[in-house]
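This document opens with one chain alone, in structure tokens, the form predicted on its own.
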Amino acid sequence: MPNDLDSFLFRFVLEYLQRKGYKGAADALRNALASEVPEDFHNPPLDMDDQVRNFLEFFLFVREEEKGLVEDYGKIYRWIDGCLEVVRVELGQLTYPLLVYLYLDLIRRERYEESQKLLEEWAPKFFEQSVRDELFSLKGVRRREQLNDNPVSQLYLKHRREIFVSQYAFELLCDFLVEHRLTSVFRCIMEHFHVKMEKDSQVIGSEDSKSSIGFFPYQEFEVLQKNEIHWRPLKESDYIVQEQDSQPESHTTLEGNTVDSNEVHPSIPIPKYPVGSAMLESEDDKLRRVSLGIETLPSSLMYTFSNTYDDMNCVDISVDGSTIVAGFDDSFIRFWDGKECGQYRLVGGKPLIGHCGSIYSVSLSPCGRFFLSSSEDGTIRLWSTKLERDLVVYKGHLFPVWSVEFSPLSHYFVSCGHDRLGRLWTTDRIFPLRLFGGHYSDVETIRWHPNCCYIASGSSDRTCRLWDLRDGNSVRLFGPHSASVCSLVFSNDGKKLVVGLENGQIEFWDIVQGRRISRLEGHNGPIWCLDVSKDDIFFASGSSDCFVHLWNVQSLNNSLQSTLSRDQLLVKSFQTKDSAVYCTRFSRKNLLLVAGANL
């Protein structure tokens, strides 16, 4: 025997079927429930509260044509914008993804004129936020056949958007949808959103990390948080061979190479060098290294390139400051050697030619005898500073390669590009050893972890990922950021990741716990370079706003606050003479080296 609620629902459904003329369905329902419902069920007079009737009818009400999607979206947007601030912050997560899903649904139903009207009228509301690139990409989707070819549309259609709201805010939303009969909006929310209820205090406390209006895979974020991170730096015995040492016991790993069996944690095969190798810090470097502090700031040196005519794209400085390499838009590479008398001279007197496209990244090896370059032509080249020519061409990327970097111990290097992939290479093989796939947009920058077991990649999808080189899997997801990622750097102790964003913000992340430590307003332009001093006291950031900022990392370590203001961390600012900053580098002796081009 059904309870009162079941009987009520039976009556309501039967009345709906009769009103719509579905006689066969109504008869089938009567026959199926004949033994379970009272006799008066077959002719149900319904007497219910008007609010309950309206709410239930809303779930069953379907407009046959739904021609007012633009007006419906306008209603929900203006209502959310006019709510109290506490509710507006929570439901504000809904406005942008709802616009995207409604637009894609209109395209899927081949209602092209209405879809363009929706985007043209409401997309400008979000141009000042971090989704401008997504909106420009969506504008290219004008026919149903284009949905499968557009990466942004596929990203949204294949994933349900998670939003975190309090029960009070969600009830207000439901009441508004019911009152105004916004069935198209409700159907879109049910189909494409995953609403998670949280206590009011939890929503407010997590607002900063969950308020990004763009796409972010929260489920994957929670899964990756469970992975263990071996963050500790390498010991000297891991990469230095003492002459008196006996041959260490080893075992095979990663492509058949060998690695010491007495390591604290598994690692990729790491090359070993004898004491005194140019790859390693010398005793003179350690003795002459300046001990930094608030009272003893690092000395700084700025290299300015003049008359580049906005043609220079990248520059790198060797760890001892003796060599500078720059890549240009005309596909040429130039490098300067300053080992003789401290005066830098253009080696060879002419540029190095090899690529057939713009040079986007260069990276000097720790010894300074080799460097890598990546280009618009999709290739990476290894060059010799002594021979003044290229030695190897690495082909694997199908599109422009945005960034390349040597590992701290050379031999390995990593690259990333427009194909949304990262790649691990060795200098003695022309094919990649690992592919790192997981980003939803261009991978803009890539950086080595100090222990050579991990790399970090930053993307224009407003996320960073930490990759384990041993198996090629993603082990951490950092984000959502407020803008595209332009630069990355690890602290030398391996525990923290500093992220520079396109909107000038800087974020600090704890890679062990996978949480953001702090976020601050760093610059007034994209942050193109970051580096940390050898003792982890300071880090330097350079930007297109022609400033170099020096920040105190120790204040961050000693503070119990979750967020610190800009003034609490900023130690000193250096303004260049109208030169955008392309590279910041702390030398082995803690000298701050900076390079940029005069605008």
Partner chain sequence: MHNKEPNKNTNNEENTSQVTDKVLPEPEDARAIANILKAVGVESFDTRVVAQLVEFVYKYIGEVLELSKTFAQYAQREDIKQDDVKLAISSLLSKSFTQPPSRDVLLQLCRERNAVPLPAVETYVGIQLPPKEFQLTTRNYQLKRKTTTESLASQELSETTGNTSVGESSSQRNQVEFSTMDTSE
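Residue numbers count along the first chain shown, from 1. By rigid core we mean the largest C-alpha set that fits within 1.5 Å across both forms. Here the structure is a predicted model, which means the values were calculated and not measured.
The form predicted together with its partner chain exists for this protein as well; it is not shown, and the discussion that follows is about that form.
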Spot the stretch among 511-519, 297-305, 402-410, 104-112 with residues whose non-hydrogen atoms come within 4.5 Å of its partner chain in the predicted complex.
402-410
Would its partner chain be touched by all three of 136, 220 and 390 in the predicted complex, meaning a heavy atom each within 4.5 Å?
yes
With its partner chain left out of view, choose which of 182, 119, 268, 87 has a non-hydrogen atom within 4.5 angstroms of it in the predicted complex.
268
Position in contact with its partner chain when the complex is considered in the predicted complex, options 163, 469, 178, 98, heavy atoms within 4.5 Å:
469
In the predicted complex, residue 437 touching its partner chain (heavy atom, 4.5 Å)
yes
Can any non-hydrogen atom of residue 397 be found within 4.5 angstroms of its partner chain in the predicted complex?
no
Residue 191: heavy atom within 4.5 Å of its partner chain in the predicted complex?
no
Just to confirm, residue 289 within 4.5 Å of its partner chain in the predicted complex by heavy atoms?
no
Taking its partner chain in the predicted complex, which residues of 410-435 have any heavy atom within 4.5 Å of it?
410, 411, 412, 418, 419, 420, 421, 424, 427, 428, 429, 430, 431, 432, 433, 434, 435
C-alpha of residue 227 moved at least 2 Å between this form and the one not shown on rigid core
no
Yes/no, residue 137 Cα shift of 2 Å or more between this form and the one not shown with rigid core fixed
yes
Once the two forms are fit on the core, has residue 333 moved its CA by at least 2 Å between this form and the one not shown?
no
